[in-house]
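This text opens with one protein chain seen in two forms, each one given by itself as structure tokens under the names structure 1 and structure 2.
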Structure 1
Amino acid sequence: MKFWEYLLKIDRRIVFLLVGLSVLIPLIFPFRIKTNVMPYTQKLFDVIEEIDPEAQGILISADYDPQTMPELHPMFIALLRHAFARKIPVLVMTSYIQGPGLAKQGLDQVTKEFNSQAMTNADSLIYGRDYVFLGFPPLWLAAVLRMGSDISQAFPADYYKNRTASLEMMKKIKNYNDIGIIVSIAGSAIPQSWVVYANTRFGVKVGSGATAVTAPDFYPFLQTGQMSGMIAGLKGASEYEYLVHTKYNLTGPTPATKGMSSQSIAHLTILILVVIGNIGYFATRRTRES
């Protein structure tokens, strides 16, 4: 009985150390895990595959800050790669005041990757022609509603203070009718707000890239079809990386996929700790009651 009592009183710092090691060791010595793509990740990928690049663009809203960056930034990168690989015009915005820096960092990384392999001007990604960074709107709700009629009015100037209406891409993409899907990458309920104001009111498709914490909140919207797909957590990001890299033979870094071996071992460690804790609890319950 003493053994179980000892386990129940184990110092939390030992648990932290075990979990830390179970994350760190597979990062240094990674092993390959088969990627099983979840239906909603596949659905989002398929919706973006169906967009006609000549007719419509994609709006990616980087609605996150550094706190959720490890989970969400790989999704943003994978979505950008997907859109650019298909030559879909990309609009990027953010509803978080700490988001513009992260969004710019992601855009710079992916455009550099593609431009380093471009052979001609047509292959290159050029700002204003292939992608536009709208930045951060002061009143998100007003901007979202205004974009339904005119994106250039919602964002008179882009992140770099260019007049939005003067950009080549914006002559083709005027409002939500010209957007194939809006993907909100967020660690909060913002994707739900996109559903409420953009999907319900204007009928534009909305997808989400969600942290694992917020993902369960969006399943009702996926079930009703109000949301057209979801990338859930780091696992979802690794699935999307797998889909994009396999289909378009891309070679950029895949941090989410690299984190999967750690995630699996850490989950196993936590499962073992939970089971031990429960056995210990029931084994010592009678002693404690008496």
Structure 2
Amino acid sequence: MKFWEYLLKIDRRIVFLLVGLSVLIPLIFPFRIKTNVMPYTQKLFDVIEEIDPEAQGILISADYDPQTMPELHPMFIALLRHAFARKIPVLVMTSYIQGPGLAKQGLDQVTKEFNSQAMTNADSLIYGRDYVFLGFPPLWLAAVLRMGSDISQAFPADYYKNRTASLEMMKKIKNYNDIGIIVSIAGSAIPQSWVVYANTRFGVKVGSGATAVTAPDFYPFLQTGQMSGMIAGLKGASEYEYLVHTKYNLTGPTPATKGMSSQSIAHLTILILVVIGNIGYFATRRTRES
């Protein structure tokens, strides 16, 4: 019994240290975990696979801030890689005032990756021809509704102050009829608003990238078909990285896959500590009662 009593009296700072090390060490020495792709992640991947690049583009809304960046930014990167690998025209916007900087960082990273491998002008990713960054609209709801009729009127100027209607890509993409799917990446309920104002009213497909905490809120929309797939949490991001990198043989960094080793070991450590604590409690209960 003394063994269990000793375990139950361990200083909580030691517990915090163990959990901290279980997060830190796998980040320094990452290892690969077998990836099992969940159905809703696969569904979103398949919907984007079905888009005809000659007829439609994709709108990715980076609706997140630095607080949720570790979990959501890898999704944004993976979606950009998927769209660019398929030569799908990409529109990027954000509903968060903190979002433009994060979205620009992701766009710069992925376009640099692809352009470093390009051999010809046709292989390169050129701003205005292959992708457009719309930026942040101060009146988000008004912009979402206006995009249903004319995206260039909702965003008269893009993030770089170019006249949106003058960009080559925007001559083909006028409104939601020219969008294959909208994917809102958010740590909040913003994807639900996309469903209400874009899917329900205009019929455009909507997908989401969500934190693990908020993902359960979207399952009713997935089950009714109002959402066309979802990337849920860091695990979902690692699944999407796996799908894109496997199919298109990409070699860029995979932060979600790397993070999964840390997250898995941390969860395992916490689980072991909970089990030990419960065994110790029941093993010493009779002694305390006597």
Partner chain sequence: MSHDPWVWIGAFLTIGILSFLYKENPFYRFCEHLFVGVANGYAIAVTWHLILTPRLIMPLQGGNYLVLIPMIIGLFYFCRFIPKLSWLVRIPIAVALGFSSGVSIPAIIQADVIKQIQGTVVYPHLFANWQQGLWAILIFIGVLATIFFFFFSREHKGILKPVSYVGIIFIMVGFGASFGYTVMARLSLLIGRLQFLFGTWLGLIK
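Residues are numbered by position in structure 1's sequence, first residue being 1. We call the rigid core the largest set of C-alpha positions that still match within 1.5 Å between the two forms. Note that this is a predicted model, so its numbers are computed, not measured.
J.: Only one of structures 1 and 2 is the form predicted alone; identify it.
T.: Structure 2 is the one predicted alone.
J.: State, for the two-rigid-part motion between structure 1 and structure 2, whether Tyr242 travels in the same part as Asp123.
T.: Considering the two-part motion between structure 1 and structure 2, Tyr242 moves together with Asp123, as both sit in one rigid block.
J.: Smaller rigid part's rotation against the larger between structure 1 and structure 2, whole degrees?
T.: The rotation of the smaller rigid part against the larger one between structure 1 and structure 2 is 14 degrees.
J.: So if we fit the rigid core, how much does the CA of Asn278 shift between structure 1 and structure 2, in Å?
T.: Its C-alpha shift, to one decimal, is 4.3 Å.
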